[in-house]
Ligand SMILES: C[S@@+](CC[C@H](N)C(=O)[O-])C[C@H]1O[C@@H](n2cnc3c(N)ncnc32)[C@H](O)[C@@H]1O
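In the form predicted alone, a lone chain appears below as structure tokens.
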């Protein structure tokens, strides 16, 4: 039997997520931290945008409305997520979904003005290879934007690693910035995106100890990293 790779394991895990309907719930969970990022990106109507780790396509559809004269490509390693995304996006003329991995993006060089990834990059088996290929498909002076909730500087998320079925990258903000710079990005910066959405009085999920830890996690904020290709 062929050896199972990290990408195979990722694909299988997120196919299971897709089949369980978890892709459709991502918008509600991630929109409060993502909307401010979209403002910072200052998209023009003619821009071409790549959404890496697009899941069921909630962000790709929002982006497609923001660039009506451009193109949005949503990419995910899970072919099942891509099927869900396509089924939900048939009314969009400027939106395309492709299955692929970030270290080998199935697209031509120098095409996208912006690349965004929300809650995906800590799953990448090789973040350095991923950012290098993101740079390849970006046009000159294009920008990359990565938003993640799982990073070393927020102690209230560290328990996630043991709860997930696939390996994850728990890097600090400075480590992520180093990966950006090593991939050739300039003007690399990071900031926190605080989640101001209401929290429940009682938390019964598996990701946090209790409601107090959830509130502390949201107060620390998600990590936004960005850099430009020159």
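Not measured: the values here are computed from a predicted model. Residue numbers count along the first chain shown, from 1.
We do not show the form predicted together with this ligand, though everything after this point is about it.
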Problem - Site check 133, 185 and 227: each within 4.5 Å of this ligand in the predicted bound form by heavy atom - result: no
Handout entry: Proximity to this ligand in the predicted bound form (heavy atom, within 4.5 Å), stretch among 55-63, 176-184, 40-48, 195-203
Key = 55-63
Problem - Partner proximity in the predicted bound form: residue 26 to this ligand, non-hydrogen atom cutoff 4.5 Å - result: yes
Practice task
Determine whether any heavy atom of residue 119 comes within 4.5 Å of a heavy atom of this ligand in the predicted bound form, and answer yes or no.
Solution key: yes
Problem - Contact label in the predicted bound form: residue 10 to this ligand, heavy atom within 4.5 Å - result: yes
Handout entry: Non-hydrogen atom contact residue 75 with this ligand in the predicted bound form at 4.5 angstroms
Key = yes
Fill in the blank from the handout: When this ligand is considered in the predicted bound form, the residues of 93-128 having a heavy atom within 4.5 Å of it are 100, 101, 102, 118, 119, 120, 123, 124, 125
